[in-house]
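Have a look below at one chain only, the form predicted alone, in structure tokens format.
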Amino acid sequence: MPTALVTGGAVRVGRAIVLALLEAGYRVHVHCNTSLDEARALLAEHPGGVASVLQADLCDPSARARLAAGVGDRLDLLVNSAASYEKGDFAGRCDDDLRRVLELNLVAPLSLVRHCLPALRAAEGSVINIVDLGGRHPWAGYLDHCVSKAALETATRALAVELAPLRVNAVAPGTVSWPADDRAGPGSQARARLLAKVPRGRIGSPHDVADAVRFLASAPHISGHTLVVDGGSLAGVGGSHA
């Protein structure tokens, strides 16, 4: 039975990825930091599929090393899903803010790849990094996040070359959930504006991202690729000339 480690696997997109991999026959190590209760609930619901719950602060180098050690000697798939999503005006933020975001969104995934490399090579496994469209078309107020994701996407291609024959890919979701507040509530102009940018006419879901991860995990000759999951938004950048 193949094994996987999913960071941030207890909630939201990470949870959907865990469930998709369980359905595909993986035993999954579920990483969490603050969402320990949710991770334990996954273990209770899927005792035959969830291999372990591994709690670690990914901004702590020693915790990253312990996390990698917890998966054992063979690992078929590493999914780097955990990330922050900090917002703030550039002029009002500071260097420490940038360093904090880069540590979690860029340094931690690369560190985990390095720590897990022997186990990945033993299984001839693969890595999938979760990036997003902000790395290609930045959003105002999210500079630190967008820079970190752009760098992770570049690192994905670089690792695909350097670590071959191991495969390294990425998934870049568009919007997969509505904001928790009422800014883009049903019937709002904000929601209508966002939907107008999606040719498919709907935002995505965590399950759409999970399906992309499962596909890349099973595609033996795809490496160095970023699979965009955005309902056509990227293709539609520039708008209509009609």
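Just so it is clear, the model here is predicted, and its values are computed rather than measured. Residues carry their position along the shown sequence, with the first being 1.
As for the form predicted in complex with a small molecule, it is not shown, yet the points below apply to it.
Against the small molecule in the predicted complex, the set L58, L104 and T175 is in full contact: each member has a heavy atom within 4.5 Å. Exactly one of the stretches 111-119, 91-99, 144-152, 70-78 approaches the small molecule in the predicted complex with heavy atoms within 4.5 Å, and it is 144-152.
A residue is said to contact a partner when one of its heavy atoms sits within 4.5 Å of a partner heavy atom; L19 fails this definition for the small molecule in the predicted complex, lying far away. Among heavy atoms of R12, some come within 4.5 Å of the small molecule in the predicted complex.
Though the partner is left out of this view, L159 does not reach within 4.5 Å of the small molecule in the predicted complex, counting heavy atoms only.
Residue contact check for A170: none of its heavy atoms lie within 4.5 Å of the small molecule in the predicted complex.
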